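Just the one chain here, the form predicted alone, laid out as structure tokens.
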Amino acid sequence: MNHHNTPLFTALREHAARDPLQFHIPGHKKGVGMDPEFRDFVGSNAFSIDLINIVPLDDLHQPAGVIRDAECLAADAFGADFTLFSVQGTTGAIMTMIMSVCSPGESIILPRNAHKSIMSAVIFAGAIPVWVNPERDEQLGIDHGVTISSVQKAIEQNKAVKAVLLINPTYYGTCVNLREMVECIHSYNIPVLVDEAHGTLLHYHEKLPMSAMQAGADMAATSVHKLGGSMTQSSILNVQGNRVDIRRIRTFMSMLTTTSTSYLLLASLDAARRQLALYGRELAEQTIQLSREARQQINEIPGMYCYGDEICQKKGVFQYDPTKLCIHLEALNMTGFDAEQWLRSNYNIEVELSDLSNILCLITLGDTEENVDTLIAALRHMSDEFLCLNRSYTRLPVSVPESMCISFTPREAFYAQAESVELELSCGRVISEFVYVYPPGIPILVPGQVISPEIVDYIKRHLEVGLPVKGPEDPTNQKLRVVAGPTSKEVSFNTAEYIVRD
């Protein structure tokens, strides 16, 4: 494998250089038909390779030429048997993973802090989720990973389970002992799927946690665009081993992918792979060093705490990704959302996410010492403004409430006859839609879940501080879509079997 090559990107450039007369889509015809202001801003080069699946450029739905070659190079770079490019983001790759192993009525083990895309795939597949609660960090108000014992218990209680899906690393950067977890699950001959959206760099440095492919997982959906340098919405699905069927995986990926695939996104994946394969360790080393220096300085700022090596003493945390700066505002008189707004208004800084008590900042291949210095200066200023000196400031827990009662499968609830009720009057009803805060996109409520008073209060707290609560059909979030009519007589499966506690 020659990782200096970029088969697809090179073919696109060569095709553009030939300047063929185009009588095919896209209609902007190399940018000539595009709005002039937009064309001038984006540039002619981008439009010259915004093409479609004509013969010289291969077809993502059945790659046999330059896309196939680019995917083979990516598989080698990420340690996989096969790599599939996704222009549907990691959402498309996650849906492909789940739908390729689960048929209607079959069970899959999921952590409760699963992303909305995972639940969407469960609904489309008609699968039944077996929920495993992750370990919770009451200090930070975030969820970490699931434990081996809890996953093993879930398997023992559900012998016919078709797959286990793990999140590694979590959005906040914590990781399980993935190799040990995979070996345990494989001992039951069950495939392991990994939501590795935030783990692109893991494969490229020994100081980072182990990647899913290194740990022996069967499939991993990885967001190259998040941390690996490709364009937004471009991701990959890595596959290895004989517990999953690559032909079926390709079939589902094709079904879930637009036929108007973006060659700009595909080319950016090809180029990002080249950079990672050739210089990934060097770039990761720089990124890790920057993040460690930032973490040290943040922990010297009064009222703030950014977890580090000590997090690995907590249950559910084996390692952590140091490039994720989870900044806990432990003694500042402000919420994470307040901090996000303050940084935007005063320093023109945008963070990855905020919640009730944290902000998350990512250090990536694109950061410099100057960037980090600006962030640290802003955080010091924020501490000076909002540090609580003369009174105790007690934060309420931010993690999703413990209470979880399931009365319908997600698919049954989503497609059931439904009605809208006021948020305040929804307690005891079965939700028929998602409710989540994005980012990170982890559902507070999933279709089929019984709405509890604690969850209503939790939603209201997020709304009161201005956090982006999304999902309900009602854009004001004052009404929820619930299963119509009485639900107590309509329980369709044994709840106890599908919520596993360690």
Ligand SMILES: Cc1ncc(COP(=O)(O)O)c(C=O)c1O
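It should be emphasised that the depicted structure is a prediction, and the values quoted were computed from it without experimental measurement. In this text, residue numbers run from 1 along the sequence as written.
A second form of this protein, the form predicted together with the named molecule, is not displayed here; the remarks below concern that form.
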property	result
All of Ala74, Gly228 and Arg274 with a heavy atom within 4.5 Å of the named molecule in the model of the complex	no
Among 305 to 313, 75 to 83, 109 to 117, 327 to 335, the region lying within 4.5 Å of the named molecule in the model of the complex by heavy atom distance	109 to 117
Partner proximity in the model of the complex: Thr174 to the named molecule, non-hydrogen atom cutoff 4.5 Å	no
The named molecule contact in the model of the complex: Pro472, any heavy atom under 4.5 Å	no
Contact of Gly89 with the named molecule in the model of the complex (heavy atom, 4.5 Å)	yes
Interface membership of Ile94, the named molecule in the model of the complex, 4.5 Å heavy atom rule	yes
Partner-contacting position among Leu266, Leu237, Ala197, Leu193 - heavy atom within 4.5 Å of the named molecule in the model of the complex	Ala197
Contact assignment for the named molecule in the model of the complex, among Gln319, Ser223, Ser354, Ser426, heavy atom within 4.5 Å	Ser223
